[in-house]
Structure formats: C-alpha cells, structure tokens
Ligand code: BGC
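As a starting point, one isolated chain is supplied in structure tokens, in the form predicted alone.
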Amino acid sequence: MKKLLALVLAALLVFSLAACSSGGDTQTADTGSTEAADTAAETATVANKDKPLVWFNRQPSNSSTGELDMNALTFNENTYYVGFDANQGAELQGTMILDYIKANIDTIDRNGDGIIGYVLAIGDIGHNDSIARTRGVRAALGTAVEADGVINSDPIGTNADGSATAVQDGTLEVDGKTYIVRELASQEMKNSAGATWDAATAGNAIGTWSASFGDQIDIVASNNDGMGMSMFNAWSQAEGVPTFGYDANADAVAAIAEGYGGTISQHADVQAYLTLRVLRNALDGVDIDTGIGTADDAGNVLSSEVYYYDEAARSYYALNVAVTADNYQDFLDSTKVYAPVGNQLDATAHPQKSVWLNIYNAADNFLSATYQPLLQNYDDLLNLKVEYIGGDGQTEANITNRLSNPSAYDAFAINMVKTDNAASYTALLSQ
C-alpha cells in the first residue's frame, strides 16, 4: 500500500512540474511552449554527428584532382551540398566573352595589330569553380591546352610573345578576317596573408599588366566580379576596355551601364534558398524534395529551369544566366528573394530551429553582400534562427574555433576556406 501511494505522489509531482514549466508561455502561441520544450529536448538529445549538415559554395573535394570528398558528402543521412553548375557557368562566361568580341570586332582590337589580347584574374588555383572558369574562358577563346584530357588551368604569368606552354594562341575568323587571340597574362589573386580571390591584388595586377602591355589589352576577364570590378575601377573603365566577371554582384551589374562587359548570375537567390531549405526539410523530417521540386504547404517550389539535383553526389546545383547589356536591368537587385519560393512557412507546422552557418571570408563581396543578405531573407521565411559567422578567408581555425558548442544548434551550414578541409568540421561534430 505504501509503495502504491509513493508512485501516485510521484506521478502527481511530475504533472505539477510540467504544468508550471509551460504556464508563462502559453499565451504567445497555441503550442509555443510545448514546441520550445520539444526543440530544446531534441537539440540536447540528437547527437551532433546526426544533425543536418549542408556544405555550400565550396564543395568538399580534392583541390588538386577535383575528386569529390564523398566521406564529407555522406557524413550522415542528412548531409548535402548546395552550389551551382560550375561547368555550365564557365562555358557560359566564355561564350559571353566570345560573343562580345564577335559583335564588336570592328573596334575590339585597340591597336590594330590583329591580335585580340586578354588578361585573366584567377581566384584560387585549388578551387573547382575557379578552375572551371579559367578553363571555360580558354576553351571559348581557343587558347586552351589539354593535358591528360583536361584543359590546363594554371596561371601563366606573362605571355607577350605567345610562347607560354600552359596556353596557346587561338584563332578567330569574323567576316572573312582571321584574328589571333592571346592570353597576355594571368595570375592567382592571392594576397600576402594567404587570402585568395583577393580584389586588391587584382587591382594591383592590372596596374602592372597595363604598364607592360598597354593597348595590347583588349579584354579583361576575371573568375569573379570582386576582382573584375577592382580592375575595372583601377584601369579598364577609363581605358574603355570591356571587363567580364562572374557572380552578378550588384555593383558589377550596375557597372554594365558604364562599360563593364558582363557577368554571370549563378542564381544566388536559388542557392541561398536551397542552402536553408534542405536543412528545414531534414529538421521537419519530410521528403527532401519538399518546397524544392515538390510544392510545400505554402506553395514554394522551384522549376527544373533553375536547378537540378545530382543524387550520386548528394548535391544541388543552381543553373547560371548570362547578364549583359541586353538584360542587366533585371538583375540590379541581387538580394531579392526568388518569387516562386518567397512564401512564409507556418510556424506551427514548422517551428523555429537554430542553425550555425559560416561565411568563409567576411570580406568576400559576393558572399557578404549578396549571399548572406539572401540567407537572412530566407531564414525568416523558413523559421530558422541562424547564427552567422564570418571568417578571415585564410584559415579554417578562424572559423572552427567559433564552433565550440555544436550541441547548442539543430543544424549546420558550412562554407570552407579550402575544399580539402571538410574533416576539420566533421571532426568537431563527431566528438
């Protein structure tokens, strides 16, 4: 009898404590306190190694061979990569430059020597996207040299006489006249501290190149708009030399009206949505295609014209669009939410979850001025509380040191400094 009485009293005590813990929050939402308690419990009980993880912008891979790091991409059942189709975008950039040359063939050869000379700013020689863009320009302009079945993407330094071995002189026939196309110079834009894709370094480089080549430079090409705009502002705008970049940053798109040749939109609006959407779906325990290829309960859905999914690589890729003088006005606002996926999720069905997300380089123009503002627009729509961490662009430790308490978060979105370094993050999540 005493044992039975003790059990009854214990049950009443548990009930009383549960009622007290929910009393202060019950007026804010029908199930707000229950959801908050459930969220806290889930965050505490789900092992960090099992929480949803999205790699974005830099795909885990070998920086020398480009081989995907499948250990990182299959870290757990809720791990994915979100980026864009680098090869499709690279080909598009090369084609955009070639089309511009053909359309302006009467004026493009500034010194009339029959050689269309270009300089190329390379972002990071070990980054798959940079490699693809370098290859795309060289393939389109006929300057590519293949080795072991792939186009050489190495920087050449300077190449005034066309004798470099990493590239060759291309030929282009327009209106019955044959022109030589020559890569006059290219280098990796890496600063003394080790940061790559460095705009200031590109601005200095165009000063050196213009002093060496002068009016031999007919085209300026860049692996991204940050470096492209630095060269445009430092030299090519004043000289009337068309400059081509990549990313469709707001300042670059606006500069098309001032003579910037063009850029490539990698549909950052779609990428940012996908980065957070796959986490939302994993956290909700629904089909990963929800709100992506299949409409969600708010009507959000993407068409196959703007993305595709590679199941084997567990990777979502946005498709690219060329931005030129013909259409740049449609791309002036680079932080605008993509309308087909701009509908607010219901907080009752999709309660708030916490996400740790880093930007590898807080100074990177595309990531800080375009991608992060887009993420911040979508995190509200998807009911995600995101902590944004900005790195220095040089070391993983600058970022990983700030992931000291992964147990406080429900999911993670990671943008590495180097594509080889996924293990630096998965090791922390496996502890």
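All of these numbers come straight from a predicted model, not from anything done at the bench. In this text, residue numbers run from 1 along the sequence as written.
The protein also exists as the form predicted in complex with this ligand; that form is not presented, and the subsequent description refers to it.
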query: Which of 46-54, 392-400, 379-387, 362-370 sits within 4.5 Å of this ligand in the predicted bound form, heavy atom basis; finding: 362-370
query: Check all three, 58, 127 and 197, heavy atom within 4.5 Å of this ligand in the predicted bound form; finding: yes
query: Contact test in the predicted bound form: residue 263 vs this ligand, heavy atoms, 4.5 Å; finding: no
query: Proximity of residue 224 to this ligand in the predicted bound form, heavy atoms at 4.5 Å; finding: yes
query: 4.5 Å heavy atom contact, residue 269 to this ligand in the predicted bound form; finding: no
query: Close approach of residue 218 to this ligand in the predicted bound form, 4.5 Å, heavy atom; finding: no
query: Of 179, 84, 209, 356, the one that lies within 4.5 Å of this ligand in the predicted bound form (heavy atoms); finding: 84
